[in-house]
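Take a look at this single chain in structure tokens; it is the form predicted on its own.
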Amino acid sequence: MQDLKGLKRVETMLRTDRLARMKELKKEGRTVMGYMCCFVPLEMLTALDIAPFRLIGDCEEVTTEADKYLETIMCSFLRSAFDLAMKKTFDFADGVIFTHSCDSVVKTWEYWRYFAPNQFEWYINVPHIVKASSERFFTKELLRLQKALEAYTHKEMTNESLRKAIRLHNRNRQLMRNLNEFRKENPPRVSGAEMRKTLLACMSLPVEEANSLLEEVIAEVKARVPLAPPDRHRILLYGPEMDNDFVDLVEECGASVVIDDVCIGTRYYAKDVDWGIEPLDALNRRYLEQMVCPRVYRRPDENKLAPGETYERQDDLDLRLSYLRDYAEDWKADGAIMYLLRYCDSHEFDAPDVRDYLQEAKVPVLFLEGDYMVTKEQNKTRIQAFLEMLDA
């Protein structure tokens, strides 16, 4: 497979075995580590020569084993990922790292440890509010993770090795942003489906190999003609996990997904780690302060208020959601589609604010709610109707 280049390698990886390269590395003696959620500081793994891979489910496989333990009224993505763990899909991994993304992840983590144990298991408690005390707490969480990883690997995580890892992952995020820039063109030179698949492939490779693959994909995309006619509607996609085929469905309906705010998307690569400060402080800032996710609330800076002045609702929305308006403007989105997984409390609580904010910014919004296994026909009808409305 390594003889294949660019998008052909991406397609082959996802069509055959996304984790084939990780299994090879395991056989070669490399430590491999599964992780759940964007809040895991991958730089700390790379600094100790651990190969991280993103844990996801399989939207084409019906859950069976997981349904014995997890309620059907919880996140279908998590049930799918846990189902694969129960079916020994991730047994090659040396360990797994979870974060407190939401309460459903916490419950899944407890069952995962019991029914699908690994040699190394770790849980990062990520604060839900960004303020001075939570920053101090998260620094201690990072230090605990560092000590646990050092004890497991019998290696020292030096500032030098951590800075080298930060440089590699910043390069990775920059390359992803470079590829994403091709979606600003009209018509876009890379599709939303291709972007999704490339990210999934890169999340299944060591960062050095992922960077080489991204460079190949960028060179290939840069050299080709645009994919579609310029009259397709340009869509901003918002939601949680979007490694399933929902992006493909939107584009099959005749639109172009030109920008997104999803977990396997811009949330993963939008922000770099600050190179100018101490490595752990930089990781704290990037993963707690700068990570955009509904599970984290950013408090307004009350020190910037004049005497007697108070924050209004619009001030709060601008603080938390102005990046969505910027995305819509910069990528010239005609409309937005919000696709939320049922029972995803973090996104459901934020959904009314996100919808109102985008609509107030003159971006029409289609709200859809469904499962990890996409119901194509029902969603297709609603998406097509929304696109026709944009024509009106």
Partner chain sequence: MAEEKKVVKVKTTADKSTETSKKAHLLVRKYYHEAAQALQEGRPVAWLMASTLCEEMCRAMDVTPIYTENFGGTAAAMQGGIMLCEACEADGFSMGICGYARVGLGHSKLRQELGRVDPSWPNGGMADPDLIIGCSAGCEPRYKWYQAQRRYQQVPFLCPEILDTYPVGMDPDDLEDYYVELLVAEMYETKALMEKHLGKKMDMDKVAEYAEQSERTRNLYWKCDEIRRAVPGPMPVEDMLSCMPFGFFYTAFKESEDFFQELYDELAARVKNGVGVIPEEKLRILWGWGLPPWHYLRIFNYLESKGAVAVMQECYTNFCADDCSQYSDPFERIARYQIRCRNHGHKEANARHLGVDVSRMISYVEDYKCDGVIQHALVSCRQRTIGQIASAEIMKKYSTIPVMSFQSDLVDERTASQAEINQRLDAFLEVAAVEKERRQKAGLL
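All values reported here derive from a predicted model rather than from experimental measurement. Positions refer to the first chain, counted from 1.
Unshown form predicted together with its partner chain; subsequent notes refer to it.
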One stretch from 110 to 118, 239 to 247, 89 to 97, 271 to 279 that, in the predicted complex, holds residues within 4.5 Å of its partner chain by heavy atom: 110 to 118
Contact assignment for its partner chain in the predicted complex, among Asp334, Asp345, Asp49, Glu61, heavy atom within 4.5 Å: Asp345
Single option in Ser104, Ser191, Ser80, Gln146 placed near its partner chain in the predicted complex, where near means a heavy atom within 4.5 Å: Ser104
Exercise: Tyr311 in contact with its partner chain in the predicted complex, heavy atom 4.5 Å: yes
4.5 Å heavy atom contact, Tyr323 to its partner chain in the predicted complex: no
In the predicted complex, Pro294 touching its partner chain (heavy atom, 4.5 Å): yes
His154: touches its partner chain in the predicted complex, heavy atom cutoff 4.5 angstroms: no
Sequence-ordered residues of 116 to 154 touching its partner chain in the predicted complex, heavy atom within 4.5 Å: Glu121, Trp122, Tyr123, Asn125, Pro127, His128, Ile129, Lys131, Ser133, Ser134, Arg136, Phe137, Lys140, Glu141, Arg144
